[in-house]
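In structure tokens, one chain follows: the form predicted on its own.
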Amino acid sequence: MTHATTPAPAGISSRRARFWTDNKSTLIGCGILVALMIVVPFTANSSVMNIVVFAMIFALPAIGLNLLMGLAGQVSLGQAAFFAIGAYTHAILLTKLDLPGPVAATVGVLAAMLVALLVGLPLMRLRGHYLALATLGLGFIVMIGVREWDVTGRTTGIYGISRPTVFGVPIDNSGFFLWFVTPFVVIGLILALNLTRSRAGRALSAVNDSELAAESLGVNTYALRLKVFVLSAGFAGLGGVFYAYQVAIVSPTTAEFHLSVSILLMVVIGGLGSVWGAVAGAFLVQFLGEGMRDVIPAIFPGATGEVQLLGYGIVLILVILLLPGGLHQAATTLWQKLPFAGKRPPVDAHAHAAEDDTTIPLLPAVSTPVAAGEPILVLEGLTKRYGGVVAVNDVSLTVPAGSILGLIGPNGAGKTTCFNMISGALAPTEGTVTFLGQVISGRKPHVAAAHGLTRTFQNLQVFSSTDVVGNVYMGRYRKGSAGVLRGMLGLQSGEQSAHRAAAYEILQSMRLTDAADDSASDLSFGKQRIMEVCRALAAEPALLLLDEPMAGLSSTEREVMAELLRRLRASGLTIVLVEHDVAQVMSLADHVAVLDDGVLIAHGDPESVRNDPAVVVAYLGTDLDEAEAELTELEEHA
């Protein structure tokens, strides 16, 4: 008697296929790494084994620093400090308190993360070389502290750290220790790779491209960078734990500056932003560091001590000069030259959605907490001073929900400054901005975005590190909920799939799906402008600020944009529009406000503003009496 096999539900099969597609390279890469680490103890001599073990240990802090530098864009010279904190904490708990190894290791990692949190709260407000110098100072503080503190053994350090025992098997040789470290490195790799592809990872990449644009889409850059800083310290602390086990002694050398530089070199040589590159960089730096000790004396007889590291430095300089993108760049370039490595076709069916050349699909209704015609945005006495220069002076106006307000004026009138104060990019000197009943002036752009206010920019802010659909996908950031932890665990595939589908639909509405998988930086200026509008729409805002959205567009693209704005207004979206094409503004806007030298000189319906003498003066440069006379003459002739 045979039994029929019940087929797996279509949903499960689809999820399995999507899981394999999303994680194929990670699974294959980790499988190869594990296989190599299994084979190495049987094929390598003791010297090579020692190098491989230390490469795997230092791969952990390198992965952490790569997340901080490659994703968060923050340069740290203090990774050795967290490495030392993990090592010393672990050693103290093992030797002085006789705690179990797993407990001591866990506390060591948590100690490094806790210190990172405490110092990161102020340090993550710094940028660039200021942060690098601050973390360098942290490294010196830790190094001096462990040298002078009795608990850490001063210059002698802590010794007598016994190797662990796993399932009754003592890890008493290099081969066993390599197998002991490998699962932790692989897990760290998977977690880091998941993070780079997650909502948080995409946000961090966007922050690197344009922090202002990312914040305007709802990204709290400070909080996100702080989380990655703490996570990076956790990787370093775990590396310190394994280092303490391997060398059986923890001394102040674990906190020295040169160790931070070595970890930094691992990341740079491997390739910033590449998790696999960090691992490859760790191996390369370790092999160079040890290998040159034999090569240099052979080339320069009698060379001893630090002179032996001469070749090490030369090789590092050559790699950085010839391969600024590191090993990752070299591998990517080589792969692209292979005949079978063609451009990957888009896997989303939405990428092939049919497009109509003459119409724009109907847009869903926008849900806002206020009824059409009620105030959604209120500016009161908005003023911005730069020293003695007044860029915007006492501007007060109200924007009704469900309408288009055109904000016009000559160059330098203060329009973009107003936009920056409304969105939070600038704090006003005086006055308030109230959106949906909440005062948002003086707060960061992500606060305004969280309330449903999104903007575009006069000077394009493109996320050049990703493709077109990736840019629009970033607009969905505030509609998602997955954080760093869920991203690392890969528990957000459903959310990402839904948001990616929504991004394709928005691209379709502006007829950009053909370019969806192209690099955003390769688009023409006009299409980049359209893509930026699509990105803002992906956030499903209640209020959309458009700063010269038609600049650089062809006549056909301008018609599509104008039609889109009409559809958006019909769907209930409120729009504030800055545009130099006055005729286009007058045809689109329900209300028009005119700025001149930072002062609001007119505000009303398009017809009354068009005939306002002060507006004529601002645009034509005549005086007020002449303008009034010209308008009177025109009215009499009419």
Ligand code: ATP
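Quantities reported herein were computed from a predicted structural model and do not represent experimental measurements. Numbers for residues come from their place in the sequence shown, where the first is 1.
Absent from the display: the form predicted in complex with adenosine-5'-triphosphate. The rest refers to it.
Q: Among 279-287, 186-194, 393-401, 407-415, which stretch has residues with heavy atoms no more than 4.5 Å from adenosine-5'-triphosphate in the predicted complex?
A: Only one stretch qualifies here: 407-415.
Q: Would adenosine-5'-triphosphate be touched by all three of Y386, V389 and Q458 in the predicted complex, meaning a heavy atom each within 4.5 Å?
A: Each of the three qualifies.
Q: Mark E548 yes when one of its heavy atoms lies within 4.5 Å of a heavy atom of adenosine-5'-triphosphate in the predicted complex, and no otherwise.
A: E548 belongs to the contact set for adenosine-5'-triphosphate.
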